[in-house]
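Okay, so here's just one chain, in structure tokens, the form predicted on its own.
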């Protein structure tokens, strides 16, 4: 399964772990990289020095390539953008915005820049500004989402740009990887499957909620005010949806979600917290190490693609 992405990033398998806020810290990133994929540290809203510490922890745990996801809406984005240069990071993915203002600095430092995009227009723009690849993320993914599905978005982005495309959203096993390759992607990015990795630090309640999820347990809040977020149904989503249907504004609803992701991930409050997960949560049925997950998925994908 060698592709332009495995060559570009120096990884064994074309599997990238999503930069999930509060979840993608040093233990998970190091384990995914050590298993042959690309582990990512999720910058989220963390201060730059926290990210610096995570970077050094991953370096101490593995000599394999890894990267950092820079959340562009973070108040610390400018500082994190500098830290990745100072710490010699080789790969940066970006989310929630446009990374153009950092491109010159990152490219001068030899960093491979891979923005997450939800449209053909943004993919083309990122290619013009020097992106090395893009992640085309469909609405099936967990967390903040766009509108297009992975099935429709990936081939359109592939046709629109010449740089490699990584598929994300709705991919949870080797079948999803094989499907993404058939759509023209050269790697996949996965988040939800790695939530239940043995090396993942999320609270056991969160893992159990994902493991018990059914196909219909995915909910999207915030569509009415332009901030759609996919998570698993619980008391919080029911209350949010009720108030949203009553016409409450984003500002009026924000109290329901402030700190809610942290409460779910760290404290295990899966009733009132935000349990971010993609639509493939219903496919996730067992805890495994990152190595076991990756090897199982790659073996299945290679069989389906006729590589074995």
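Residue numbers count along the first chain shown, from 1. Just so you know, these numbers come straight off a predicted model, no measurement behind them.
The next section is about a form of this same protein that is not shown, the form predicted together with a small molecule.
S.K.: Given that the small molecule is left out here, which of 235, 98, 224, 149 has a heavy atom within 4.5 Å of it in the predicted complex?
M.R.: The residue from 235, 98, 224, 149 that makes the contact is 98.
S.K.: Would you kindly say which of 28, 68, 58, 276 lies with a heavy atom within 4.5 Å of the small molecule in the predicted complex?
M.R.: Of the listed residues, the single hit is 276.
S.K.: Hey, of 118 to 126, 194 to 202, 79 to 87, 179 to 187, which bit sits against the small molecule in the predicted complex at 4.5 Å between non-hydrogen atoms?
M.R.: Heavy-atom contact with the partner occurs in 118 to 126.
S.K.: Given that the small molecule is not shown alongside this chain, does residue 21 nevertheless sit within 4.5 Å of it in the predicted complex, heavy atom to heavy atom?
M.R.: Close contact exists here: in the predicted complex, residue 21 approaches the small molecule to within 4.5 Å, heavy atoms only.
S.K.: Tell me, yes or no, whether residue 143 is in contact with the small molecule in the predicted complex, where a contact means a heavy atom of each within 4.5 Å.
M.R.: Taking the distances in the predicted complex, the answer for residue 143 is yes, it comes within 4.5 Å of the small molecule.
S.K.: Does the small molecule get within 4.5 angstroms of any non-hydrogen atom of residue 163 in the predicted complex?
M.R.: So residue 163 does not count as contacting the small molecule.
S.K.: Given that the small molecule is not shown alongside this chain, does residue 229 nevertheless sit within 4.5 Å of it in the predicted complex, heavy atom to heavy atom?
M.R.: Flag for residue 229 set to yes.
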